[in-house]
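Considered here are two forms of the same protein chain, supplied as structure tokens in two stand-alone entries, structure 1 and structure 2.
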Structure 1
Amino acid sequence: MATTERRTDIGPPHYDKFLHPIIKENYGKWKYHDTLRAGVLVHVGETGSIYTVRAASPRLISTNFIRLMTGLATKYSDGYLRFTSRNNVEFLLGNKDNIDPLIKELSDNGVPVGGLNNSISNVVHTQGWVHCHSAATDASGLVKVVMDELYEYFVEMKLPHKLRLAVACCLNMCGAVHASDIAILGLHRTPPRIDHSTLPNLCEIPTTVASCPNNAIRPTSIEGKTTVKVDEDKCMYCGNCFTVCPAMPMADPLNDGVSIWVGGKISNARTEPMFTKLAIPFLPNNPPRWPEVTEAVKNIVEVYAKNAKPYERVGEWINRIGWPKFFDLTGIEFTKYHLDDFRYAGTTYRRSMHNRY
């Protein structure tokens, strides 16, 4: 293979090669879809129907896991499968008689089917300690322990509406958790520690200074070498400086941990897209099973499940009942950290007498 001519800029292959014949025939001609049961859809087109079986995936998967999936696809779905934007695996079946045996074989291999409609779909998440240099927590581990607790909500459709969970291991938010129903966000709580011996060689001073959203970084000189100093009162521990300057590490085992955010949504259905808002400012990193985090997330899910009306997302439910009641119902402590003090903070201050007593 090494002697092959070097090709560049060829782009991805055409998707046409990977479409099930029934999908090709009905491309753009779908009439409607129906949910047959948890994790199973039928899409009805002009000339036929395609059946979808949606399976969970930890996203961090080995070639063993993928070969298991491709093997099942070959056996049950004519060799056609896809992944969703939330990293579920979807098998696309032309023959509905294959649904049950496929689900059984997935189940025998420990892979649940679900994640549709009024359920918790697969958790969008980031790399964490498995692979990231700026992670304040692990992501795959958090997803595993949280979904062990919330398993029933993946395999059954018993929530008021869909619930989207996401995990990001630092404020970079590679998982874009800022518009999820419930987000688990790793964060640092102490300023970067500056390695003045390596910084002058490793980092470009103007870029490092410019990286700070709060202008807390200034150039300085130590023993004749240009380096930087951090105004620690201004530091919000975002880690952006570390991204451009590896001599400013953020990791602090004693103080790194997890925060919980609620009420975001992407879809335009009923209400406009919304950002998540802070529910719990800090929970400790307590691996391997983060009991404080799983308990907190489960509590929010259960209070939502009990109190929201049908077709209300978490954010829509909170907007109906108001934030004071959200803190009452969940028993989450309201603290000074819930008050915004960054840009546009004023837009979150109450400027009316509209409150529930």
Structure 2
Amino acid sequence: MATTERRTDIGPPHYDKFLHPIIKENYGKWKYHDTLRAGVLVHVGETGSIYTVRAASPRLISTNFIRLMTGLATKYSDGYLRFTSRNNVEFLLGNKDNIDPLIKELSDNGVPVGGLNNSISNVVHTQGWVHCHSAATDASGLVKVVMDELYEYFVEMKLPHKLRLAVACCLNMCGAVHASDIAILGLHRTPPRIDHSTLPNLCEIPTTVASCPNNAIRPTSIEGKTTVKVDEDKCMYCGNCFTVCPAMPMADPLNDGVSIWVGGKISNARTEPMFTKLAIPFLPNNPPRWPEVTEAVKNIVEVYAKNAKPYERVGEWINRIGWPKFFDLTGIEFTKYHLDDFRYAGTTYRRSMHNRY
């Protein structure tokens, strides 16, 4: 019985279906790659070269932006582009002569080119007020105002090493704030406010109780109606209860705010991967421009740019000079919240696949 190739619509299609022909021809046969200028790479293989132009994107994009990107890809890169894990748009060009016209059209449409090597890449961030129901701050708005201030570090390669920024709108942290050089994290500081009048009609009590990872929610009765109560000492402000029970909102415009964390990285180069550590425990939510947050992040970037050695990431620079010196150089106030008086499992975990002794 003759066999035929099995076809199915289960799972994603094979990645090689979307590779540029030059990449297919040179797969596993690359000789070297180089940076031609800010935002432009070349990969040289045995049978040809592929050129990459990296541009920024707002991550939460409109259909107009998608049409712009796909139109430029059709015009200049034979329809081939890709989005990186940090939401950069990379055009894959087989023709070197298309680089300058592509960059000009991107610039004319307000899309900067850069983010390679010793510069700030596009910022990875969460949904914020646009979508997330537990957000303590707005992610996309913060990214916009921070990168307005740091624009020169995206389009130019003048930092000691690459710099990765991340924004998460709450402590659930569906962004990469634990492993980025500088991270902005939204903070809730008050427990959920329970609307006892509507909770029995909106929420299932067992589901609401089970939603809390800290066992801080208990059933109770008020005026003959079954509702819940919160043990505020156990609450960690995660907003998980609000996910299943709309009668327990978390948002608090007076007390919610922003914290700044530094020193994380995923790379295994020079040291093992590192987690971020607290730099600034609280800054106020002041949309639409968040002046306190943008000033704090820009200050850290500029101090790092001035004092770090070449190829030194933020966390490696801090470990070299010591945390007291970091607080002294940046002018950040040291508070009781910076005291680390406990040992957690992460200090003993091996965070690298590399065994170095």
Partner chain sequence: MSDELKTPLLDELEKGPWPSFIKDLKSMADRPMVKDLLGQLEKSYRDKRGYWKHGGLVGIMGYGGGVIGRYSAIPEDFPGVSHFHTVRVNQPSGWFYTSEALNEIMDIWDEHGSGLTNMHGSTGDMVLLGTTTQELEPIFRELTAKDWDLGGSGSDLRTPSCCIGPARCQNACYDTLALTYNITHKYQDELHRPMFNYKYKIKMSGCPNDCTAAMARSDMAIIGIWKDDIQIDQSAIAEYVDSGFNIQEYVIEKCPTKCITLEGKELKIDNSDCLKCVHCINVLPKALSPGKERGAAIALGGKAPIVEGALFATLIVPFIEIDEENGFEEVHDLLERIWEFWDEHGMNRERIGEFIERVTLKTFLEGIGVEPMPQQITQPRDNPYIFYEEYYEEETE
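Reference numbering: structure 1, starting with residue 1. Basically, rigid core = biggest C-alpha set you can superpose within 1.5 Å across the two forms. Bear in mind that the values here come from a model prediction, so they are computed numbers and not experimental data.
S.K.: Could you point me to the form predicted on its own, 1 or 2?
M.R.: If we ask which form is the one predicted on its own, the answer is structure 2.
S.K.: Specify which of P310, P253, D233, Y32 corresponds to the hinge in the chain, comparing the rigid parts between structure 1 and structure 2.
M.R.: This hinge corresponds to P253.
S.K.: Through how many degrees does the small rigid part swing between structure 1 and structure 2?
M.R.: Interdomain rotation between structure 1 and structure 2, rounded to whole degrees: 15 degrees.
S.K.: After lining up the core, report the Cα displacement of M248 between structure 1 and structure 2 in Å, one decimal place.
M.R.: It moves 3.2 Å at the C-alpha.
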